[in-house]
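In structure tokens, one chain follows: the form predicted on its own.
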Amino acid sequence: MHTTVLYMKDSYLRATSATIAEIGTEGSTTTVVLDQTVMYAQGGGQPSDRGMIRGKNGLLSVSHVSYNGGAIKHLGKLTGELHVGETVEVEVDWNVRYRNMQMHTAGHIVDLAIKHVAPEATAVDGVHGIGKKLHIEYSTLIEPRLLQTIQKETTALIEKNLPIHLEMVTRQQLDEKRIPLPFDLPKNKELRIMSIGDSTPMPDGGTQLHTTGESWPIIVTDIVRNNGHTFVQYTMQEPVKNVLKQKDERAMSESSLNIDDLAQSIEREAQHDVKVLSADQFQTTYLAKKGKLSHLMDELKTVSLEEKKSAGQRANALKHTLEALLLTYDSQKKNSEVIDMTIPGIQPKVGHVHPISQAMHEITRIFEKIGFIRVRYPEVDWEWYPFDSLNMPKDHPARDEWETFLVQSDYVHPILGKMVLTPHTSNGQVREMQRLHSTPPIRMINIARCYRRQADVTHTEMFHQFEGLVVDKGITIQHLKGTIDHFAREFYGPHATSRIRPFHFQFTEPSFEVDFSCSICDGTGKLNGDKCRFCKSGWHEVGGAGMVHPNVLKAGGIDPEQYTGFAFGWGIERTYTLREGLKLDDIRLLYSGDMRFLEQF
């Protein structure tokens, strides 16, 4: 599909009829491709247009336009209906188009001004409004001291009101004209070239003004060097119509002429004083409350109503000129600064991975070595997965101990129930069985956030768990205990001790609590003669484990007569606090945001 782009021949064309070739969606956004369009697709440093595509029964408010291999894609919000093959009206948002056109042409005006001042300058890139940035990039170095000269040349090009020429040519004609190419261009289609006045033409695909005099006031703000390239930055003021004095301008009344003469006189003085006054003196003389600009504004009171509009425009133009001159002081200051290269640099602060993230990476590596696959399942889930599928039907008392956060919503799924912040990573057990189409073997390690209404030295409302699940033929408790022992040795060291205690979980049978010896009190239960406030017994519970209940296997579509499995779910924070030498007796410190604490890891 190829879209004909009408703006290439007429940037001032605001609307056209077109036929819809394709309609699609990207998330909540509707995309439309037309056979032709007046809207500019973002590229070449220029932002895309915005506007409307209006059909018989639908309206697409276009917020972005992109180029996709010849097809122009219009993206936006659709109200009503549009259909492929339908004839629609396409209208560009003229205020956005004209602003983008001003910024784009301004870049070419500044570039031509630079070539007049530094003929060897070679432009390689430019940004004309994307991300609210305006600059031209050169592969050659341009002296910052030239900023004021470039500003004067830029203003002169605007005042000359030079015509901007656009022409469609073939690649062969481009070569015959010996027009230099800053980058490689397609050889199998027509290209457009543009030139300002009698300057050398150059390839260009953006929207352009008719003349330089139509451009708004341009201020060259800075010249920055970086990695051998130079970036010339510029800004644009709001439009002021009829700023230029045309030769055929009709005679103005005596009062208007006085205003105009006074403005010209102030401008001539400012051009001279900018060379001799300090920045503060220039600000006080021309732009302060009692400065010359304020005096000119007071004179506007004497102008008749018929003449006040044109006189005000002249005064406003003078204000922009004075502000532009004041900006040159900042540039001169930068250029005069002396840098002592012998001064030692400031060592930058380097961050590091949060201790919980460090633990996640290490836990993942430990289990990957014995064949587990890392997965992750939803933290906001339907209640069927963390409860019903795990042998805890509705109104079962086992649900109470999880102290679950419910998501407030009027919608309840007819099969899966309400939405909850999942209180454990066990919601991933049946999801993993479903992902593998109920076909063991399964070796899963699921790491995610969990949520419970608990908060003390060993609990937080939000915490992390890692869930292990193994399902295969012949899996026994010995495999479970061996896996726990393997993790203890790898994570805590060869001296680590673990134990399992009989317990009850609704989704495992038999079930166990898993404990590791407490590193804070070295497994004694005492610290400085008092009971250890963290473990209270010498052992620290990290989570539960057990053999997968047959009903859970059935929920996942697996025959419990052929397969068995084990599962475990442990809190990462509580597991991590047992690391040797950590001596962390309050789990909440991990989320305190205290840099003095976090910088220790």
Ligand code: FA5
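Keep in mind the model is a prediction, meaning the values are calculated, not measured. Throughout, we count residues from 1 along the sequence that is shown.
This next part talks about the form predicted in complex with the named molecule, which is not shown.
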Can any non-hydrogen atom of residue 565 be found within 4.5 angstroms of the named molecule in the predicted bound form?
no
Check whether residue 467 has any heavy atom within 4.5 Å of a heavy atom of the named molecule in the predicted bound form, and answer yes or no.
yes
Does residue 505 reach the named molecule in the predicted bound form if we count a contact as any heavy atom within 4.5 Å?
yes
Whether residue 556 contacts the named molecule in the predicted bound form should be assessed with a 4.5 Å heavy atom distance threshold; does it?
no
If contact means a heavy atom within 4.5 Å, which one of 344-352, 505-513, 208-216, 102-110 is the stretch that engages the named molecule in the predicted bound form?
505-513
Is it the case that 429, 542 and 587 all touch the named molecule in the predicted bound form, with a non-hydrogen atom of each within 4.5 angstroms?
yes
Partner-contacting position among 115, 319, 374, 452 - heavy atom within 4.5 Å of the named molecule in the predicted bound form:
452
Counting any non-hydrogen atom inside 4.5 Å, which residue from 161, 498, 460, 328 sits next to the named molecule in the predicted bound form?
460
